[in-house]
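The chain below stands alone, shown as structure tokens; this is the form predicted alone.
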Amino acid sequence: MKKELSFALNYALNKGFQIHPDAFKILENVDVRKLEKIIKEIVREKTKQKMFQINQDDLETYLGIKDDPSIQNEVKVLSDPTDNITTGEGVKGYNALFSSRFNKLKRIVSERPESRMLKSIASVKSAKSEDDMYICGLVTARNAERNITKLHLEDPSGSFEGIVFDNELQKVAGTLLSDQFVMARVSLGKNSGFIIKDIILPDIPDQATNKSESEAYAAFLSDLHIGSKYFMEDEFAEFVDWISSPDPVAKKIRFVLIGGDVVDGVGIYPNQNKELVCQTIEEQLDKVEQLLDKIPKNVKIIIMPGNHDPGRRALPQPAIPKKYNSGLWDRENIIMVGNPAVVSLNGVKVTMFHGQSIDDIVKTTPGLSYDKPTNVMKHLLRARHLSPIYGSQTPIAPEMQDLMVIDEIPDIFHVGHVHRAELDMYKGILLVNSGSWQKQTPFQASVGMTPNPGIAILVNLKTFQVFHENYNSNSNNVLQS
């Protein structure tokens, strides 16, 4: 016990007071320079009332940290794949998936004025018109040859090959992903080929941001990897203790969002057992429950799975199955959702996605890297799809509906996976990559990945002001923005 705290408590005890155990935790977090003054003033007031016990309520009232019931903590799950997964079989399933993707994204671009001139690929190929025409489709191939780029698009009526000559437009074409939806303005060339004159992405329209009426804060976390010996347990426990502290910001936290890889999992990579302190999924999730149980019950905790968590690995993922830990499901302040999900926090729309597709996009798109994950997040928003590339590293299930299309326009876009905490804005949307709570692993070191773990990102949902608490002692560990 700090000597200042010991002195303050002895002063109260010598005056005939008792200290309720609930008051100790608050006193331990009070600035030591103020302890003596606080105790003396409380003792003076309580003596006048002839009441000789100092309890939690006395301290909260004195310090002005008593829970404010006017701060809302309303959560609505707007989109969750858990109960909407209807996987198809074989070719039929994948045809349904891509047909759903095309139709959903075509509806999105139909809000653009150019869409009134959209024609099917088959009709454009047979029209032989000298006027510019508009088509839309999924990108099936992209080839750069000398000073031109060839794009292959496909819609339900057929396939199309067009040539991009314009240098600036070639840069846009060079960023397109396989299976991404685009709209293109085309014209017939001299040799009966087609020239692509413009490429239009579904993208995000400008819109007003939804904000909370009360000054509630949300904490954004991801990639805890509980069960790994590299999990920063002491630092995470310190963060959880801080949420219960007298700190003015901590007292206004009403939401904690965990964006996947809550546990390290079992059998995810070769010899993983050598890096685990909890050898089973059940042990790991029990540890999760123990740690999260210390968060105040007026804080709603939203948990989604990542590629290390138990359950289906293919996207979209249902919520972590209840059979592994019913305790998490049964707690009133914990909400289990699938990946991806859209939740409303006091009216603020948050799209949560673990971020597995970042691996594929970084590998195939020039200029993108793991060090700047928010640039990849902008790419996804422009494409209006969370995992466009099929057949690469990210497993995608043949759903009858494409649940990875970004239908709802979020106010906050929350992603994890790459262990790099970073902030940015895109067309009024706050981009949060929430980093991790796992120290650099041997694998990350071997491939040159340097995480910046132990950073809790906090957003005031009324003002959208962003704060962060850094629990990493490494002075080079900073939040990117």
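One-based numbering along the sequence shown. What you see is a predicted model; the values in this text were computed from it and never measured.
Just so it is clear, the following notes concern the form predicted in complex with a small molecule, a form of the same protein that is not shown.
Asks: Report whether all of 101, 385 and 402 sit within 4.5 Å of the small molecule in the model of the complex, measuring from non-hydrogen atoms.
Replies: Answer is no for this spot.
Asks: If we define contact as a non-hydrogen atom of the residue within 4.5 angstroms of the partner, is residue 30 a contact of the small molecule in the model of the complex?
Replies: Close contact is absent here: in the model of the complex, residue 30 is far from the small molecule, nothing within 4.5 Å, heavy atoms only.
Asks: Within a 4.5 Å heavy atom cut-off, is residue 418 in contact with the small molecule in the model of the complex?
Replies: Yes - in the model of the complex, heavy atoms of residue 418 and the small molecule come within 4.5 Å of each other.
Asks: Residue 370 versus the small molecule, in the model of the complex: is there a non-hydrogen atom within 4.5 Å?
Replies: Answer yes; at least one heavy atom of residue 370 falls within 4.5 Å of the small molecule in the model of the complex.
Asks: Would you please decide whether residue 408 lies within 4.5 angstroms of the small molecule in the model of the complex, comparing each non-hydrogen atom pair?
Replies: Looking in the model of the complex, residue contacts with the small molecule do not include residue 408, since no heavy atom lies within 4.5 Å.
Asks: Quick one: of 325, 346, 180, 307, which gets a non-hydrogen atom within 4.5 angstroms of the small molecule in the model of the complex?
Replies: It is 307 that has a heavy atom within 4.5 Å of the partner.
Asks: Heavy atoms within 4.5 Å of the small molecule in the model of the complex: which stretch in 222 to 230, 251 to 259, 139 to 147, 74 to 82 meets that?
Replies: Stretch with heavy atoms near the partner: 222 to 230.
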